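In C-alpha cells, the next block holds one chain alone, the form predicted alone.
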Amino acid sequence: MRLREVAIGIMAATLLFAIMLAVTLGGTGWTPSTEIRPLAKFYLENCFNVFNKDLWAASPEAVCAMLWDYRGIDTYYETAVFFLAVIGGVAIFRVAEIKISVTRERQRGLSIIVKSVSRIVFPLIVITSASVAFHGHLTPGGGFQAGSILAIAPLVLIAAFSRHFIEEDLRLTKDKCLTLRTVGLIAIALIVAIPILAGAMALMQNQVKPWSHHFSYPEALGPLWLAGSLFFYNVAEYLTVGAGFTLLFLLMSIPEEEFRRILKL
C-alpha cells in the first residue's frame, strides 16, 4: 500500500471522527428533540386507527398516508413539477429523432460477462420495483421510489448492450415511454377527480372525513388491502416515474457525435 493512500485513509478517518465529535457535543447547533412532536403524533395516531376512523387514511404506512392523503394536494403539485421537468428534457432533445447506424450500435456494449449478468439482474430489478410499488401503502416505499428503481433496469441494459438494444430488441422507444407516462398521468388525474364526481367535498379524498362525506375509496378488495386510493396512486406514479426516467435515459444516451452531426457543429 502506498504512503499516499495511507495518508488519505488517516485523514478521512480523522475528519469523520471530528464530525462525530462535533455532532455529539452540539457543535452543529440545535438538535431536534427525540420526543414525538404533535404533528407526527397526529399522523401516527390516526393513519391506521381502526377504532376511530374519523381521520384515518386506512394505511399503516404513515409516510404514504401523509404524501397522498393528508397533504395530497402538495404531492400532486410536486408530481406536476417533475413531469414538467421531463417535458423540458424532451424539448431540449427535440432533435433526438436520430437513426443511429444499426451495425455500429450492435458492435457496442461491454463484455459477454457483463451482458450475461445484466440479463439476470434486469428481471430482478423489475420485480423489486413492482414489489415496492404494490406494497407502498403497507411498507416503506411508494410509487416514486418504485419508478426510480424500475428506470434502473433499462439503464443497466443501455450500459451493458447499447441504446439500440433497448429500442430495437426490447421495442421500448421514446414514443412508447411518452405514451406510458401519459397513461400514468391520466390515471392520477382520474383518481384525483373521482371523489368530486362522486359527491365528495374535497379533491383527492381517500376516506371520508368529518367535514367531507359521501365517498370513500374501498379499504380492501377481498383479501387485498388497498388503503383506499393510496394503492392506485402508487401504481400510477410507478408507471409515470419509471417511463419518465427511462425516456430521459434514452435521450441522454444518444452519442454526442450524433448531435454534432445533426447540428453541424
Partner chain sequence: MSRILSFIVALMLLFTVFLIVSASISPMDVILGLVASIVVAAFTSTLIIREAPQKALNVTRWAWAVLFFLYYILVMEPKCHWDVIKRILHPKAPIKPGIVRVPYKVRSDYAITAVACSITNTPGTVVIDVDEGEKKRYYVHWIDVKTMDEERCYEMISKTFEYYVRKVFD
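Keep in mind the model is a prediction, meaning the values are calculated, not measured. Numbering follows the first chain given and starts at 1.
Quick note: we don't show the form predicted in complex with the partner chain, though the next part is all about it.
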Checklist entry - Quick one: which of 137-145, 85-93, 181-189, 68-76 gets within 4.5 Å of the partner chain in the model of the complex, going by heavy atoms? => result 137-145
Item to check | P38, G29, P223, P210 - the one with a heavy atom within 4.5 Å of the partner chain in the model of the complex | outcome: P223
Next on the checklist: I have N46, W56 and S216 flagged as a candidate spot, so tell me whether each of them has a non-hydrogen atom within 4.5 Å of the partner chain in the model of the complex.
Outcome noted: no
Next on the checklist: With the partner left out here, check for me: in the model of the complex, does some heavy atom of A193 sit within 4.5 Å of the partner chain?
Outcome noted: no
Item to check | Contact test in the model of the complex: T128 vs the partner chain, heavy atoms, 4.5 Å | outcome: yes
Checklist entry - Just to confirm, F231 within 4.5 Å of the partner chain in the model of the complex by heavy atoms? => result yes
Checklist entry - Would A80 count as a contact of the partner chain in the model of the complex, using a 4.5 angstroms cut-off between non-hydrogen atoms? => result no
Checklist entry - Mind listing which residues of 67-86 have a heavy atom within 4.5 Å of the partner chain in the model of the complex? => result none
